[in-house]
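Quick heads-up: it's one chain on its own, the form predicted alone, in structure tokens.
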């Protein structure tokens, strides 16, 4: 009988098939990086504590983002700094799961600090593993929230100056001052003694997780020899001689034994009502699944850009077009872009529809149809309109554009018509009415001419099910827009 004395923990995949390239047995981390040590400690703990199958390991942007290469447990990659927010949702939606947030100092201490500190303050049932190497490791060695005073980095070549860059962020001390967290400890991944203490602290944090005690934080002082421009030994000395003076290792808080297990209050709700909200009845198409529009225009992929300012229903306009395409069996994508441009400037969305697979949802060139509802949008996106493309714009607020003769250009007083109907928000349906006229007279063939209007009616009912007043107002706006264009042309 053979007994394996030293080997890879079953907390890891046996072979790292998700890792790109030919190397499938080793990790991608740089020599001397603390992530490899911490990964080993975590994988062993998951296996030995028998929590592997219930664990959800969350990793945001940073060197740790590739945890899903290695750990044989549930895993989610999330946007920069958002691990505690996602973890809060998982812990509440599935209280039987064990949520571990694995974050670096730049991720947790900078862009994600508010997500992190609020989760700690709420006492969410999760354990955060915080890797502090005093520098941004993944992006080339910039100054991090934990960079030491006087420490030189790519963005602090003269050394961090507390008078201009402030002092390093002491995360453990900050979290320990909150009432909700039950366990806070800082460790170092350097000597054998320190690593054994880190192993003990990690398991304490996971025990708290398993026993539903609430929020635990374990900080790990870790080497980053490449970006610190040191050997592995020099990085360990840097941690023990410099980092540990500013970030002393030790236990800052441990009150888990005095806390009862968390039992979150469940909301009072009607299961049938929740089901209706999550899974609304979709409007069925009047066409069969094998229906295909016959018009020549639909034989090729069509790229549409809708743009205007926030409050004009730009995103809803694109969604409506996408929904119409869905109801006629097209493959379709809808991609919004709204950010800080929603107030003034230009909010926009891209819609791509095709009988074949859609290669990309991004429309940044070769636009077939541009719908512009304010001047900044016209100025920004008109250059993307391809030869023989169609421009439809709101002439209420946009100057007559100077376009090449190959473009088909149509204007309609969409905002004014919507205001006359008593609601500026239906300007998008006015635009779609105008589009119906344009397509009917220039692009659609046979039965497709009347079917566009039918498709709009189905889509508006689908979007506003059980809201007859809104449906009726948008239908009225649609046909007003269609009539207005017929009058103009």
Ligand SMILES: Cc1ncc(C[n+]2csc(CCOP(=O)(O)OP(=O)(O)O)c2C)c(N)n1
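Numbering follows the first chain given and starts at 1. Predicted, not measured: the structure shown is a model, and the values here were computed from it.
The protein also exists as the form predicted in complex with the ligand; that form is not presented, and the subsequent description refers to it.
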Q. Any idea which of 42-50, 56-64, 453-461, 420-428 reaches within 4.5 Å of the ligand in the predicted bound form, heavy atoms considered?
A. 56-64
Q: Could you check which residue among 171, 135, 243, 91 gets a heavy atom within 4.5 Å of the ligand in the predicted bound form?
A: 135
Q. Since exactly one of 139, 118, 231, 155 fits, which has a heavy atom within 4.5 Å of the ligand in the predicted bound form?
A. 139
Q. Is residue 185 a contact residue for the ligand in the predicted bound form, using a 4.5 Å heavy atom cut-off?
A. no
Q: Tell me, yes or no, whether residue 111 is in contact with the ligand in the predicted bound form, where a contact means a heavy atom of each within 4.5 Å.
A: yes
Q) residue 355 near the ligand in the predicted bound form, any heavy atom under 4.5 Å? A) no
(Q) Please tell me whether any heavy atom belonging to residue 394 falls inside 4.5 Å of a heavy atom of the ligand, as the geometry stands in the predicted bound form. (A) no
(Q) Where, within 23-57, is there a heavy atom within 4.5 Å of the ligand in the predicted bound form? Residue list please. (A) 35
